[in-house]
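Take a look at this single chain in structure tokens; it is the form predicted on its own.
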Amino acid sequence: MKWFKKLAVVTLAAAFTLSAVTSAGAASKLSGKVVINGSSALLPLTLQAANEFKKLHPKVKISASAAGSVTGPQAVRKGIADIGACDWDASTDVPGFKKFTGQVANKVAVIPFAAVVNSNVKVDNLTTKQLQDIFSGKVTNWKDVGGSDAEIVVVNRSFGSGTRVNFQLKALKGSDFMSKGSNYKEVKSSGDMKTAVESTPNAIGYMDLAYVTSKMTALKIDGVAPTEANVINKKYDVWSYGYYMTSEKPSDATKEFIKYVQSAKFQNGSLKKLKFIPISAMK
């Protein structure tokens, strides 16, 4: 009887081993190239997912770059990218941008955005009206909104940024941005925004939570902090879905990569660690 139990254990172990080998072999057969362009807000997520996916499918080559959300669907339309990362559903019209016909929008994340200030700014909460006045250039000194007597430096994203689209629509309620002045800077990417806010005393800007560091403060808006819990509970509304735009007939490698990003393993693991919110969390 003992030998039978041992044989059963050995047989079971062998079955698991064979299953694992078979699974790995099947995964390794996937090949191809996936080119991703677009949103810099989504870039940390994309790079992490690419790193994990390539370990499972070493024959798939993935390259990712970010020059702003609008460049994603543009690159897909031109045929130079398989995935266009975008902070809005580019298959529909949004203010300032016409829809990209013939493209499919795949939700991959919930992106919380925050107004951020340099660490020397002694303000941690602004009202919607105060944000509108600051970013439009009506208010130019921190003392007018509860801070020190210092000129406010406004850092803005360039046109075509999905972060800019969402911040203007949701944090500023459609209010216009200022566009010039000695206290105005404009940057091209989320990484450039992070560097500018960190290194510029008295600066204010905005970005998704994945880029927020200890060298800056993510502001409360109307007393509500930009946290995962507040987004999920619908107390904080400055957020958007992040999308991977594709053609109507993406390659197998592209489909599998998107499927991996949407998987519970990635959504509840690396995605959350990067300060994004799983798409399943929003009801």
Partner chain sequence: MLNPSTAGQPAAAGELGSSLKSRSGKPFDRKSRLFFTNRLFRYICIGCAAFVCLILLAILGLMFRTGILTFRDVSLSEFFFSAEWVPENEQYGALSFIFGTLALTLLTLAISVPISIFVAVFLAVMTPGWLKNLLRPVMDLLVGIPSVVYGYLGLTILIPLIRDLTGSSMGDGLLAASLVLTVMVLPTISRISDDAISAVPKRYVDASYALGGTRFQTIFKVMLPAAKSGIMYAVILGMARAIGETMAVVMVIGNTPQLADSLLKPTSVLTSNIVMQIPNVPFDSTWNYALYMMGFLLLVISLLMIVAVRLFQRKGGRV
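Numbering follows the first chain given and starts at 1. Because the structure is a prediction, the values reported are computed rather than measured. So that the term is clear: the rigid core is the largest set of C-alpha atoms that superpose within 1.5 Å between two forms.
In what follows, reference is made to the form predicted in complex with its partner chain, a form of this protein that is not presented.
- Gln74 is the sole member of Gln74, Asn106, Asn166, Gln132 with a non-hydrogen atom lying within 4.5 angstroms of its partner chain in the predicted complex.
- Taking a 4.5 Å heavy atom cutoff to its partner chain in the predicted complex, the contact residue among Ala253, Ile221, Met216, Val70 is Val70.
- The three marked residues, Ser158, Ser179 and Val187, each reach its partner chain in the predicted complex, with a heavy atom inside 4.5 Å.
- Using a 4.5 Å cutoff between non-hydrogen atoms, Ser175 does not count as a contact of its partner chain in the predicted complex.
- Residue contact check for Gly102: none of its heavy atoms lie within 4.5 Å of its partner chain in the predicted complex.
- Taking the partner from elsewhere, Asp89 is found to have every heavy atom lying beyond 4.5 Å of its partner chain in the predicted complex.
- When its partner chain is considered in the predicted complex, Glu151 lines it closely, a heavy atom lying within 4.5 Å.
- Using a 4.5 Å cut-off on any heavy atom, the one residue of 94-112 that reaches its partner chain in the predicted complex is Phe97.
- Core-aligned CA deviation for Gly137 between this form and the one not shown: less than 2 Å.
- Once both forms are overlaid on the rigid core, the distance between the two CA positions of Arg77 between this form and the one not shown is under 2 angstroms.
- With the core held fixed between this form and the one not shown, Lys107 has its Cα displaced by under 2 Å.
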